[in-house]
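We begin with a single chain expressed as structure tokens, specifically the form predicted alone.
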């Protein structure tokens, strides 16, 4: 079950990340997970938020370039080897991870890995077949 993620393109300069998070906060949206990838000139801020449409509209209204993509949120046991097991399933299915990032659940029993795959349906099938718990957007935002 894919989760909708926002990607915001931003100049790599002081204050831009603060500006984006203020726009999101002022629109009443809660950020649940985020990752920043950068180059010398620009960055890509990837976000999972509780109100995708609201955040997207607010960012666009404030001049930011925003796109959406589907990602998978996979619950991973928060213990040694938890991620290695998930990545082994992905490897055995012949899938490539485009990117990933993580956050730890409040309970400390599990972490959540956010994955982007070129072959999303194949990834869903392989992970579900192996008994992995894929989280919905509502589940991620409820943590």
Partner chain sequence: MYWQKDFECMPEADIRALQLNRLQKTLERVATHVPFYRNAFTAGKIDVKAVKSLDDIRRFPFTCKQDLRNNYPYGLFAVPLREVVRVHSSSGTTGIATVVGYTRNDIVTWSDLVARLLCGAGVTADDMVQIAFGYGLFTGGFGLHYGCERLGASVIPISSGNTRRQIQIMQDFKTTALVCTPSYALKLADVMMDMGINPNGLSLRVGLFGGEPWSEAMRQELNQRLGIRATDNYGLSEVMGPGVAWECEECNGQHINEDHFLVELLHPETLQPVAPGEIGELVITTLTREAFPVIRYRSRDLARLLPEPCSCGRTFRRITRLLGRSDDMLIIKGVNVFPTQIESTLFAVDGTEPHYRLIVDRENNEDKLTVMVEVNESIFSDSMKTQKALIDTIKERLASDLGVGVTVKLVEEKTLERFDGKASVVIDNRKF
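Residue numbers count along the first chain shown, from 1. Remember, predicted model here, so these are calculated numbers, not experimental data.
The protein also exists as the form predicted together with the partner chain; that form is not presented, and the subsequent description refers to it.
**Q** Between the options 26, 38, 109, 92, which residue brings a heavy atom to within 4.5 Å of the partner chain in the predicted complex?
**A** Flagged contact: 38.
**Q** Given that the partner chain is left out here, which of 134, 10, 120, 130 has a heavy atom within 4.5 Å of it in the predicted complex?
**A** Exactly one residue meets the criterion: 10.
**Q** Would residue 60 sit within 4.5 Å of the partner chain in the predicted complex, counting heavy atoms only?
**A** Yes - in the predicted complex, heavy atoms of residue 60 and the partner chain come within 4.5 Å of each other.
**Q** State yes or no: in the predicted complex, is some non-hydrogen atom of residue 30 no more than 4.5 angstroms from a non-hydrogen atom of the partner chain?
**A** Residue-level check for residue 30: no, no contact with the partner chain.
**Q** Does the 4.5 Å heavy atom contact test between residue 103 and the partner chain in the predicted complex come out positive?
**A** Result no; residue 103 lies far from the partner chain in the predicted complex.
**Q** May I ask you to state whether residue 52 is within 4.5 Å of the partner chain in the predicted complex, using heavy atom distances?
**A** Residue-level check for residue 52: no, no contact with the partner chain.
**Q** Select from 50 to 69 the residues with a non-hydrogen atom within 4.5 Å of the partner chain in the predicted complex and write them out in sequence order.
**A** Counting only heavy atoms within 4.5 Å of the partner chain in the predicted complex, the contacting residues of 50 to 69 are 56, 60, 63, 64, 65, 66, 67, 69.
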